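To begin, one chain is listed below as structure tokens, in the form predicted on its own.
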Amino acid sequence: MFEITRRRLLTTAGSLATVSAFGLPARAQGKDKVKAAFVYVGPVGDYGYSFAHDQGRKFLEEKLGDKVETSFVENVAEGPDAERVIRQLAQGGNDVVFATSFGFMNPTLKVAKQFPDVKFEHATGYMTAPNMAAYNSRFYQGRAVLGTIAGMMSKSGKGGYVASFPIPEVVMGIDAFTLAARKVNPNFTTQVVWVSSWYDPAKEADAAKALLDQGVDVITQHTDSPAPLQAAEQRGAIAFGQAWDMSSFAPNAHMTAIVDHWGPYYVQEVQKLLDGTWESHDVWLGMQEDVLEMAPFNPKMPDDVKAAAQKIVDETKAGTYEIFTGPIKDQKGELKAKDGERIPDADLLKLDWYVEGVNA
């Protein structure tokens, strides 16, 4: 099992009030078997974010065998529907519910108040309570690898970004991608199109085509279907998968992808429930913990590009590379981080501005 690195909580009045309402956290009782449920924002067949979480669920079953029983609900809309589903899972005798999308945060917290004996874990958010933990991945580390490749391979110096919602996680990825690309090509620009959905193949494809029509020759996405990749494949552009290796959908366009490897974390958390050692926590994991990986590089990538991309991976794992290290300026040219200054995690987790070179 890998070691979890704690990060500073984002403190809000709401989260403080929640903790107060619950009282002090307590350790879970040990169990012979754990019943675990997963809530996905998209279909398990998206071959992206929800697919990756479901691969983690299957990994959990494989590693713990008859000590765990799992179930999942897919295509759960963020909002009231999520609250209904999470409540049903809590009522259904599950020991732990993993709610895997940012928009599930408030519904999960509300249900957690009503079921203090059930454990809840929320992915990509920041609210916690004695029976609710938060876990996240440093997706932006992988975006820096993608940006490096884009900066080196783009002939136009223009990248397109198919984005879901302007939440800090997505803004962070856009900024990391652009910062890395501009380290290679200082004139590189990133054009963003928002689709207001995590999974909508038609909208994602239309967004990618619109970007390609504007002269971009690299497509990046923070949405979950292979549609943008397929659009890039048809137009002879390069592109990157989202959350999983999507190369089978676009063997020529797909250069690599960020791969979300949630399985070891799920094994660790369920084992804690079995042992009676589970406690609420707030963690931000990444390449160093092997929660974030890169898919194999396309053999068609030039050797110098592969070497540069691998160097980012190796240095990130070693802790010697951090993309959010100054000098960094925003779109208006205002200095946001001085030379050698690293933007702290607490600021990254509420990031709401774009770096130079982003058109969003």
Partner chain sequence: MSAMLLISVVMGIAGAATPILIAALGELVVEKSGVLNLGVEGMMLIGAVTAFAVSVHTGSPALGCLAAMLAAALSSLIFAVLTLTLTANQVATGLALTIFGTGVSALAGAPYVGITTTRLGSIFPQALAEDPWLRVLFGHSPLVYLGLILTFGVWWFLARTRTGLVLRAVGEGDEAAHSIGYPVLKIRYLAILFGGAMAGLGGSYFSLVLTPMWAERLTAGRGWIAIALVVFASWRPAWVLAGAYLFGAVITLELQSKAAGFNAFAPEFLSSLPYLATIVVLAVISAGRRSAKTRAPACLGRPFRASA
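Given the structure is predicted, the values throughout are model-derived calculations rather than measurements. Residue numbers count along the first chain shown, from 1.
Quick note: we don't show the form predicted in complex with the partner chain, though the next part is all about it.
- Comment: 248-256 is the region of 248-256, 89-97, 171-179, 276-284 lying near the partner chain in the predicted complex, near meaning a non-hydrogen atom within 4.5 Å.
- This chain is drawn without the partner chain; in the predicted complex, the residue among Leu109, Val267, Val184, Val193 with a heavy atom within 4.5 Å of it is Val193.
- Taking Thr128, Ser137, Ser225, Thr148 one by one, only a single residue has any non-hydrogen atom within 4.5 Å of the partner chain in the predicted complex, and it is Ser225.
- Candidate site formed by Asp200, Asp213 and Asn359: every one of these residues places a non-hydrogen atom within 4.5 angstroms of the partner chain in the predicted complex.
- Although the partner is absent from this view, Pro43 contacts the partner chain in the predicted complex, with a non-hydrogen atom inside 4.5 angstroms.
- Of the heavy atoms in Ala237, none are within 4.5 Å of the partner chain in the predicted complex.
- Proximity of Thr124 to the partner chain in the predicted complex: non-hydrogen atoms within 4.5 Å are absent; the residue sits far from the partner.
- Heavy atoms of Ala205 reach within 4.5 Å of the partner chain in the predicted complex, making it an interface residue.
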